[in-house]
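Let us start with two forms of the same protein chain, each given on its own as structure tokens and named structure 1 and structure 2.
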Structure 1
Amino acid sequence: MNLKKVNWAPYLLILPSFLYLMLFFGWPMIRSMELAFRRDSQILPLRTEPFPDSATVGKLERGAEVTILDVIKSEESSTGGLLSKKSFWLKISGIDVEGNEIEGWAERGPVFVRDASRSEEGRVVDSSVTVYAEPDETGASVGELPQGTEVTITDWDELEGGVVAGGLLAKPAQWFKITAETADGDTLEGWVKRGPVFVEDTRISTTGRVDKGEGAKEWTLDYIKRMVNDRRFTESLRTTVLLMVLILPVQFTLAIIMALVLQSRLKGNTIFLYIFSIPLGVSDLAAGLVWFSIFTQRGFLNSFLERLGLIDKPYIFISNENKQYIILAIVLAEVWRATSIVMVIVVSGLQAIPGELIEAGQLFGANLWQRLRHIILPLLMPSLQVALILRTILAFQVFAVVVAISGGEVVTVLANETYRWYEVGTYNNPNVAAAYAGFIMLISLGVAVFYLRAVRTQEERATQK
């Protein structure tokens, strides 16, 4: 029995590509989508009563601003003969994860309280503490208090630190003026250092925020809604589409002309190849800075117009009032920088066209436009398809040129908003940034599928009929 031999070579050759796609595209894409649709944060449950096992009335997300309405101190309880330490419960109100205002009780620990007032209560936590007549360790002592003694704080004082070894300044020392009842039943009054005395913050500020809570993971559309409702979303999408509509036709027209010049084999066309390829070595940011310097108040354009006598004083092109000139500068910068990429793809496509077909067209009397329309462009469709997909994806990702020319404020695009939401100094919300990035990816994939369907060769059209 003869078994058909399996040719494993194609599978072995495609395996590295598959692993590459999964490692550097598939896995990051999955993680990005998970970040955009999944809330992974800490949630603080609010309870109806100041007890850990009471019913919950709602949940507050970590970082939520709260208003503190009341505070109580729980009584000590005995478990197994041991006394548990006292805990504070805060009655707070805030906006929950669904945008509704809720009110309930939470323990002090998970809630960070701003500007807490100085406390009036405390207790001795060292084995013993010496009480002085004045806030000075070298002064007279008025007595000692054992560990666990409850004290009442009547005044605070903070003394400047002196000079210690090495010429360094010591930290300021905090002193409490306290009154306490001794073991003999007498009242002792004096000053103690803060270190041996644990202060219980019983006087609480009226504002705070949720600092921690219970770990929670859930699927949500909140970040997508926040992206769509962002005040810059519509503007950035409109500007991105406008740039794509303005840039792509100019780039492809110039790229085809440049490729035809190189393909014509004119004398010295190698020089044209070098000139056309210069922008390939320029980064996005550098291209943006070059064109920004051209359009500035003292840039090349203003100097040129003044020499021609067309203007009397420099014109401010880049400003809030002249967004159209900022768009023009971005379009020129992108056309100048990236047209060479399209040209390289078109040149490779032209070299694959048999010269006999073009010569046959010339013999039958077809002029340059007729040869371009009926021979060259139909045979260039596969190359143009690749170039269209590549340039459209890059147009949706344009970022550095926009930031260099407009600063990302006057004119903004989707990629710039992605960065703004991710940046620590601005919004610092990776979830919304992931939503923006996913939106850019979905648009790019949709446009790529559209090009694959719309830009097809005659053979592809005939096959699908």
Structure 2
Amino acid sequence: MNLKKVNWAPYLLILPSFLYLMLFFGWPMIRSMELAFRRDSQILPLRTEPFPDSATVGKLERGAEVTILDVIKSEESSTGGLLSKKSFWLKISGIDVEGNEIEGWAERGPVFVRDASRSEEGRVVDSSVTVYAEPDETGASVGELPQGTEVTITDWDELEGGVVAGGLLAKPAQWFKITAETADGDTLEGWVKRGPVFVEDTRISTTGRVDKGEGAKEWTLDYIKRMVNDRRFTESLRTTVLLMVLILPVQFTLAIIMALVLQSRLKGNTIFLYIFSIPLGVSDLAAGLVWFSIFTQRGFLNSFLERLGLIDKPYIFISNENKQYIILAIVLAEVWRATSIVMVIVVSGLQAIPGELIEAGQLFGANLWQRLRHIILPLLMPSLQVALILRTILAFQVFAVVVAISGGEVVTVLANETYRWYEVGTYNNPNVAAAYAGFIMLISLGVAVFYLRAVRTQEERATQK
């Protein structure tokens, strides 16, 4: 190419897709690594003893749910003896950043005890307190309560801090809904702000959540450790690999048969081509539901077996005890759905094989199997390799088929765990989810490199011969 006259047109034409893929492929890859290896939120150390300087047992992440086992009040006087600080220490247990269950002490402050403020008894400590109809200071008031009145708390509400007049930020306020007896014996019901009502902490709740911690922004392997320690990690990895090992051979055999059938140019070939390609457009979720309808307890398979008289009551294929049938259903669904992609690749590979070669084989009396073994398959190798890499990588992402058939509980796969760790309803931990996603990418990459290496050494061996 002439250096002086570089044609810029093709570069301009590919620029939009290049930029787009950088933004929506390259950048998320980097983000993914950052999520998996970098801590963003603070952590709370748990200590062996209820003192600030005792040894740490482990670290809890912000948002971690904990169980409160014990509570003690410690009084700590500073050196001059002027100030003494009262503090509560909680003995808690929870799942630490690495996914292990740990037990230890933490000061009450950072641990938000969810139900403590729902203690039902309280007392007015200010000189008097106004009771409002709604948890809103600007709203209508219902009455006043004098100092010392015992109140019963029926509900509470936490209001977000907002901007008050003058542009100052208001602190988040807690409101209690209370009922109390007034001096003249009436029952008064309404909302009061937390401050003036002292809530007796007689009963400490047994559950809480880590509200804040210390430190932030550091490189860490905690999320990776947490993923590996996850009780479903090994199981999901094993199932994913098992599915791959079961599906791929069946899929490739069937795909080659389908391609050969299409290649033999029957009458009505176009109809067969259409039928064989239908699964290309079928989503994994739909395929899962289709096969669920066959394997479910009151499904088609049981109906069929019963009509044949092989069983007299429906057999429960999809259950905790019958993992092998769930796996079978998933394998069938995936073979049903994804074989067409391999078939199309094989067909275009077959079309590239010169017809004369096969005819020559025929002429020399090679039967179908010999032609397949010695002419077609070797020439088909490049196509099969591409299909193999593609299908293997996709096999690590199998998701909706598994969820549709098994519900994602009994039998689980890596992609399903990624989803569960991300989902708000379950773990809500994007970092561990990113670790799972990164793991999937890593093994996919590994497999691709392995295949390509294997192909290259094979070719080298062939050329050396």
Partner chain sequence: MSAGTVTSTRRGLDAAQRRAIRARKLRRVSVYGLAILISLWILLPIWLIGTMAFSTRADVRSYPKHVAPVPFSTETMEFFLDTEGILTATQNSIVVAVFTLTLSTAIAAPTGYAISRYLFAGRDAFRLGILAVRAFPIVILAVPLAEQFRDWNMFDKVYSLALMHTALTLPTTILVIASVFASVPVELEEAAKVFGCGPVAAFRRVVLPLALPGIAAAAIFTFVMSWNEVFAAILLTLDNRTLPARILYTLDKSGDPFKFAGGFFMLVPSLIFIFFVRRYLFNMWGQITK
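Since this is a predicted model, take the numbers as computed values, not measurements. Quick note, the numbers are simply positions in structure 1, starting from 1. Take the two forms, find the largest set of C-alpha atoms that superpose within 1.5 Å, and that set is the rigid core.
Two forms of the same chain are shown on their own. Structure 1 is the form predicted alone. After superposition on the rigid core, displacement of the C-alpha of residue 188 between structures 1 and 2 amounts to 2 Å or more. With a cut-off of 2 Å and the rigid core superposed, residue 147 has a Cα displacement that reaches or exceeds the cut-off between structures 1 and 2. After superposition on the rigid core, the Cα of residue 433 moves by less than 2 Å between structures 1 and 2. Aligning the rigid core between structures 1 and 2 leaves the CA of residue 56 offset by 13.0 Å. The shift recorded for the CA atom of residue 15 between structures 1 and 2 is 5.6 Å, with superposition on the rigid core.
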